[in-house]
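Just the one chain here, laid out as structure tokens, in the form predicted alone.
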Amino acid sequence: MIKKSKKVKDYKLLTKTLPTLRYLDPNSVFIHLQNSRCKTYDMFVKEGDHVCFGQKIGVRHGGFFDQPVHATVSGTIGKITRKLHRTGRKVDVVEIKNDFLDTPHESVIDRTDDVIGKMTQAEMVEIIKDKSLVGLGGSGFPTYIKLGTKEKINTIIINAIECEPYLSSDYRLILEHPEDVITGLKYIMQALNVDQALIAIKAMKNSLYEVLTQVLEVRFPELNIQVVKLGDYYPQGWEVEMFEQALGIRIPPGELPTKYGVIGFNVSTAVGVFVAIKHNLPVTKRHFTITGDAIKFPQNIYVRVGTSVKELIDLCDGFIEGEKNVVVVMGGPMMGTSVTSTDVIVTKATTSVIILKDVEYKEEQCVRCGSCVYSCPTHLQPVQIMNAVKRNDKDVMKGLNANECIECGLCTYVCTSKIHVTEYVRKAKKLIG
């Protein structure tokens, strides 16, 4: 008698189908004062001060830029402590005890369409800089730098592909707020003086195609924006792959897309542009996926930036019965970062958290099958880079172009010996700078 196997859950389908839950009133939020690019900071407020929603409370200092830090709720400043960042490192955070009033700061004032329509690129860039908008697909790169390019741009592409397994927050964002996405893109087109734009989605996402094309036709007939369907594979969302498939332009390693007249923004970043320009607000809320086989009720949540992931896990009814040791991944399962506990905070650039059962895999010797080489989208030799790391041979790492790795995770995923190849290549990148 053949035992019937259990049906494997499609977690992405589940969270795509469910409407987004709103969780915007945590008792406290914890605002990061440091991140992967900014190690030092200055505070403009102290413990006990009352702050307003959208108020600038400090500034982070990066290598070549500063990032204002904003309050995502109104309330009272608490203590500065240390908590896990999405990169897996502990950083300083400041607590704001929520007064549940959302009293807006005096700077939070809506702009009229007439005022926005007369804005120059420099004016828009200054707003985006002041509101500290960064790439919300996970890159965290300052958006004002991209928006301030002096290169001639011919085409803008909004990356709405979301190709990683499990993730569906961008999908729900588009379904529920298509006008915000398109209006944000409209502002980007105005800033860069571009009259042609694309919104790139996966071919299988027919519902997004229908929603976006209808909203464009009915609400934005004056805009030359097309929705294009690209491949249903990973890593189609990699920017270089997206440009090649959508426009036939291959961006060589180390070169910027702007040199070729194209520029890309994540779909959540486009909404961030809309919020900053229209409402003069930083990113204070975002769509967030919490999912995985160790969570009772995976779902998408519209969450306040600074919310504890612990609270979101409780909101999803906690872990499934019997699960005590879990794997916590911030970001997607392929390119995300494992963190040591659930005491981690949602940042503006955090797309998701994946809670998985802790399954032990025995790492075996490399059998030189070549699977990692065949799967690498940047045509590297991951296993050779791994061997160079083990020998600490930086010259070989450089010669093998380890810095061109996009850390997609495919080499680890396909490894028949269960070797964490991506981690070795990531280490090589750090070693050679």
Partner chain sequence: MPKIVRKTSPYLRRPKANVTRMMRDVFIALLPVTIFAIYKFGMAAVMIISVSILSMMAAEYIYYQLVDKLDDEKFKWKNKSFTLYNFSTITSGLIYALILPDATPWFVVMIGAVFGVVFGKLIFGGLGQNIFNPAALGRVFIVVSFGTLMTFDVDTVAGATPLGVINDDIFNLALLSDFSIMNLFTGMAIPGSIGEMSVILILIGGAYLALRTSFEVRIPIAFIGTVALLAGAVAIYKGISYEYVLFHVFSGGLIFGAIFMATDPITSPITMPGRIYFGFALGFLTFIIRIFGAYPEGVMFAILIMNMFVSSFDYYKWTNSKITRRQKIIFSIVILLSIAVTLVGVSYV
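Numbering follows the first chain given and starts at 1. Here the rigid core means the biggest group of C-alpha atoms that line up within 1.5 Å when the two forms are laid on top of each other. These numbers were taken from a predicted model, which means no experiment stands behind them.
There is another form of this protein, the form predicted in complex with its partner chain, and it is not shown here; the text below is about that form.
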*Per-stretch contact check against its partner chain in the predicted bound form, the hit in 33 to 41, 46 to 54, 64 to 72, 374 to 382 (non-hydrogen atom, 4.5 angstroms)*: 374 to 382
_If we define contact as a non-hydrogen atom of the residue within 4.5 angstroms of the partner, is residue 20 a contact of its partner chain in the predicted bound form?_
no
_residue 429 within 4.5 Å of its partner chain in the predicted bound form, heavy atoms_ = no
_Against its partner chain in the predicted bound form, would residue 138 count as a contact residue? Criterion: heavy atoms within 4.5 Å._
no
*Would residue 324 count as a contact of its partner chain in the predicted bound form, using a 4.5 angstroms cut-off between non-hydrogen atoms?*
yes
*Can all three of 11, 370 and 423 be found with a heavy atom no more than 4.5 Å from its partner chain in the predicted bound form?*
yes
*Using a 4.5 Å cut on heavy atoms, which of 265, 166, 288, 243 is close to its partner chain in the predicted bound form?*
166
*Pick from 81, 154, 341, 214: which has a non-hydrogen atom within 4.5 Å of its partner chain in the predicted bound form?*
341
*For the stretch 384 to 410, return the residues whose heavy atoms include at least one within 4.5 Å of its partner chain in the predicted bound form, in the order they occur.*
384, 395, 396, 399, 400, 409
*asked:* Does residue 417 shift between the shown form and the other one by 2 angstroms or more at the C-alpha, the core having been superposed?
replied: yes
_Given a superposition on the rigid core, I'd like a yes or no on whether residue 47 shifts its C-alpha by 2 Å or more between the shown form and the other one._
no
*Once you line up the core, how about residue 396: does its CA shift reach 2 Å between the shown form and the other one?*
yes
